[in-house]
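The structure tokens that follow cover one protein chain in two forms, given apart as structure 1 and structure 2.
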Structure 1
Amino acid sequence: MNVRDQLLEAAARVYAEAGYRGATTRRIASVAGVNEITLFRQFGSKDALMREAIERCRQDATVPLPQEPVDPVRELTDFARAHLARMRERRSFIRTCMGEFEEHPEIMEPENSPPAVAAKALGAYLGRLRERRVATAEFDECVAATMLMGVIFADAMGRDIMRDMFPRDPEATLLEYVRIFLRGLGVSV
């Protein structure tokens, strides 16, 4: 891994643990195994480093849906499983971003966040299901996409802290989310 990548990975990790203020350049450089001067040579400022680290995390979170739906149960299960796994892996980072957003709104564009981008792609996929008459219920694609993304987000962020709310096996729960969702859209499951 090159120095730039080491710094980006360290910045994301330290930010998730300590927030913007706690993610000092000294601490990030130490975690990356380089000196602070190297950090500034690579990025110029802490703000530039943090923006790029957050952007990289955002880019790594893209999960595609097929242009031509064939098997909505499998396709949406795979989509939901991938998003859930990525959110679980990054839940500390996501929680920190949410907690820091009011104080540092410039760090992240909410409309380009992974859940927002995924919801747009999901809405388009749902529109294709409707066009092909696979989804027969009347629904708003944006609202439906927001609903599925919301439940995935709630599970990813809450399962470890609200265990009574998520008592079932994570995989069985995920399958049930998708089945209920598709039935609501009028898709035969």
Structure 2
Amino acid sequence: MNVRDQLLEAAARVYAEAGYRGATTRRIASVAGVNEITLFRQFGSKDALMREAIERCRQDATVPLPQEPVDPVRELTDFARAHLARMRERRSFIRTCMGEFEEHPEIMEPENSPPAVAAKALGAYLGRLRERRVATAEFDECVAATMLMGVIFADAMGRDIMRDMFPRDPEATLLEYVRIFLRGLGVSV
């Protein structure tokens, strides 16, 4: 791994831990194991480095949902588990971004944010569930999709912060989320 990538990775790590102001060039360089001057020679300024480092963390992993629903509980559990795992991995980074939204709103591009695209795909899947008469209740699939993504988001962000609020067994909790959710859409579980 070349010096540039080391710096980008270190910048993202330090940013997640300490925020923009706390991510000093000296600290980033130290974590990257390179000289501070090299940072400026490579990126010109702290701002340019941070912008590129944060942009790098944006690559979203899309979780597929089947075109033809077969087993909604299993399919949605897999979907939710994948998103939950991914958000939990990045929780420090996400929390820092959210905390600095007031100061740097530009780093949040609402159009393509990963949860938003996931919610869209999920909404389409829920629409298919209704078309196939698997989901029999009246519901707004957009609100429903936002709801499930919101539960996943809250779990990923809050489990380590408010420890006594979240049940011990993450996997069982996840399954229960999905079961309550699907029953709410009129899917028999």
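Quantities reported herein were computed from a predicted structural model and do not represent experimental measurements. Note that the rigid core is defined as the largest set of C-alphas that superpose within 1.5 Å between two forms. Numbers given to residues start at 1 and step along the sequence of structure 1.
Both panels show the same chain in isolation, but it is structure 2 that comes from the form predicted in complex with a further copy of the same chain.
Here F139 does not count as shifted, since its C-alpha moves by less than 2 Å between the two structures after the core is aligned.
Fitting the two forms on the rigid core leaves the C-alpha of V178 displaced by under 2 angstroms between the two structures. Relative to the superposed core, R130 shifts its CA atom by less than 2 Å between the two structures. Lined up on the core, Y15 has its CA atom moved by 3.0 Å between the two structures. Core superposition places the C-alpha of M50 5.0 Å apart between the two structures.
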